[in-house]
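Just one chain follows, in the form predicted alone, and it is written as structure tokens.
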């Protein structure tokens, strides 16, 4: 199967990004959480959303990341439609608001890379080896409370779509997410053009949104 070079490169960089220290989690913790995301996605006997994966024997006994992070990773990856503001608040209170944002970005990155490979019949890349180093503690110069998102975002808030600003409080995750989006979806600057297409004869923006809306309905994505 031929895969576009930009997609291949975006996925390669995404896996490198997962392995590197983030703002709030080490590389080892991030790879460990990524493994929990994959477990949730392919679990043949998935746990119900109210059961914490760390209360079972499905994870290694020795873990680098906090239990709450693993529990959130599994639930978001497997039961995203059950994440209410109350659920978000509980996990964010345990982990910290910005670590929670980073965790959500890890989940969405792993879901994107894993799902593409599984659904196209390609082998899923093995988990990368973690890169040593402490979390960077990088964050924007100013954070703001958003009305379009549950989590804080880089100031100013609410001047762009909720999905655009969602991970902006953790700069590395925002960059990685939009690098993936450029390849999988469309470059952000092109979103104002309803007739945009990646190549002659390809899907237009309107056709992509129709497909996305149908998938969102089937996957119970309420965005």
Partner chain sequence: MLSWSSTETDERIDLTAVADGCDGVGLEHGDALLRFASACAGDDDAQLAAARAALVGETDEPFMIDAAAVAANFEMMTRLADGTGASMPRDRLDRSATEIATMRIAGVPSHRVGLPVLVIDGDRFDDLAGLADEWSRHLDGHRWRGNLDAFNDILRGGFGTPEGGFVLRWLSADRSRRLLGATLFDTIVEIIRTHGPGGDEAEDGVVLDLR
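Numbering follows the first chain given and starts at 1. Whichever C-alpha set is largest while still superposing within 1.5 Å between the two forms counts as the rigid core. Treat the numbers as computed from the prediction; the structure is a model and nothing was measured.
What comes next is about the form predicted together with the partner chain, which is not displayed.
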item	value
Selected contact from 124, 131, 80, 143, since only one has a non-hydrogen atom within 4.5 angstroms of the partner chain in the model of the complex	80
Contact assignment for the partner chain in the model of the complex, among 31, 169, 180, 65, heavy atom within 4.5 Å	180
Distance check, residue 157 to the partner chain in the model of the complex, heavy atom within 4.5 Å	no
In the model of the complex, residue 54 touching the partner chain (heavy atom, 4.5 Å)	no
Any non-hydrogen atom of residue 12 within 4.5 angstroms of the partner chain in the model of the complex	no
Non-hydrogen atom contact residue 136 with the partner chain in the model of the complex at 4.5 angstroms	no
Residues in 13-50 close to the partner chain in the model of the complex, defined by a heavy atom within 4.5 Å, in order	41, 50
Core superposition between the shown form and the other one, C-alpha change of residue 23 at least 2 Å	no
Per-residue C-alpha change between the shown form and the other one, residue 203, threshold 2 Å, rigid core fit	yes
